[in-house]
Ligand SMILES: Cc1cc2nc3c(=O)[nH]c(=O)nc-3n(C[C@H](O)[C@H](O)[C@H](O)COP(=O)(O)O)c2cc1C
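Shown here is one chain on its own, the form predicted on its own, set out as structure tokens.
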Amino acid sequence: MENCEEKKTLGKEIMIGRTRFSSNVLMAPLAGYTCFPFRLMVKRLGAGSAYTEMVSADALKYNDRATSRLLFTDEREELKCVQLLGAIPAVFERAAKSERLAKFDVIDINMGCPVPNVVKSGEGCALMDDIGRASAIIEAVKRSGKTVSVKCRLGMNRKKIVIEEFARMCEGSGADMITIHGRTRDMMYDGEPLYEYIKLAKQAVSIPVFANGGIDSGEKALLTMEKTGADGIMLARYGFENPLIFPQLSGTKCSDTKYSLISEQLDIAGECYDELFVLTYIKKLASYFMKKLPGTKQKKQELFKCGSITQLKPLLWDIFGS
């Protein structure tokens, strides 16, 4: 385990608007990954919050199965956080005030997704190129009375880094928190984050600013805090690869192993979803857990051939328990 003795401010409780986050080590929303069982797990391990997968604000008007699955939660999830994607302020306001989001405490607005079809629709990172519209969306969501956070990038490219102005706009429009992925849209998920711009944004506003991007170890988490002066960090894919980073950074007592975690996930997912979804989710999680483990190529092949939970259980023990 990496030495996080000098973790400085990591692991502390923080207020976001009127909402208390038990830790300033957060889990990012990840499409296809941050389902209800996973959110429960990382919060038990010390994450201060964990958001749903990205949900289309417009899709909330339909009572479809896919959106209902994204929004699934129950009383075990004490702090409920949802992320919305869209481009129309009125649609955001309707969604934020809807009965379907009544149970959620925090709404995060996705203004950072760099995927081409999202950007072409004027959503995600495209909103950083339309500050007026972005402001109207934040104001619309804020009228719901809920705590509002914004997840964004530095700008569309290195020649158009707008994060200082954008951060000030977020605060002025009513956002309670900003999470900044320290890359521009054209960098996608590659390259060293540009920490200095997160620091400039942090210095430009008084609301909490969280740093995101490129955090794949305890040391990198501390380095990110040091270089940005952020109020906390938000882990993304590394949180899925190694959830045990959460107790390490937050100081939460933990005796779990990857086997105990994935077994628990299998049980909780089985309570909430159909077998096909459970199989798909557990295979993805197990595959992430196996990263950097030696000699797992054959095991991965066996994993993805499993056609039932009955077949899956002994294989999970063979991979992680023995």
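Note that the structure is predicted; figures quoted are calculated from it, not measured. Numbers follow the displayed sequence, beginning with 1.
A second form of this protein, the form predicted in complex with the ligand, is not displayed here; the remarks below concern that form.
Visitor: Heavy atoms within 4.5 Å of the ligand in the predicted bound form: which stretch among 87 to 95, 200 to 208, 232 to 240, 135 to 143?
Guide: Stretch with heavy atoms near the partner: 232 to 240.
Visitor: Against the ligand in the predicted bound form, would residue 254 count as a contact residue? Criterion: heavy atoms within 4.5 Å.
Guide: Close contact is absent here: in the predicted bound form, residue 254 is far from the ligand, nothing within 4.5 Å, heavy atoms only.
Visitor: With a cut-off of 4.5 Å between heavy atoms, is residue 183 one of the residues that contacts the ligand in the predicted bound form?
Guide: Residue-level check for residue 183: yes, a contact with the ligand.
Visitor: So in the predicted bound form, does any heavy atom of residue 80 sit within 4.5 Å of the ligand?
Guide: The answer is no: residue 80 has no heavy atom within 4.5 Å of the ligand.
Visitor: Taking any heavy atom pair closer than or equal to 4.5 Å as contact, tell me whether residue 28 reaches the ligand in the predicted bound form.
Guide: Yes.
Visitor: Only one of 245, 215, 107, 175 has a non-hydrogen atom within 4.5 angstroms of the ligand in the predicted bound form; which is it?
Guide: It is 215 that has a heavy atom within 4.5 Å of the partner.
Visitor: Could you list the residues in 125 to 158 that come within 4.5 Å of the ligand in the predicted bound form, counting only heavy atoms and keeping sequence order?
Guide: Only a single residue, 151, comes within 4.5 Å of the partner.
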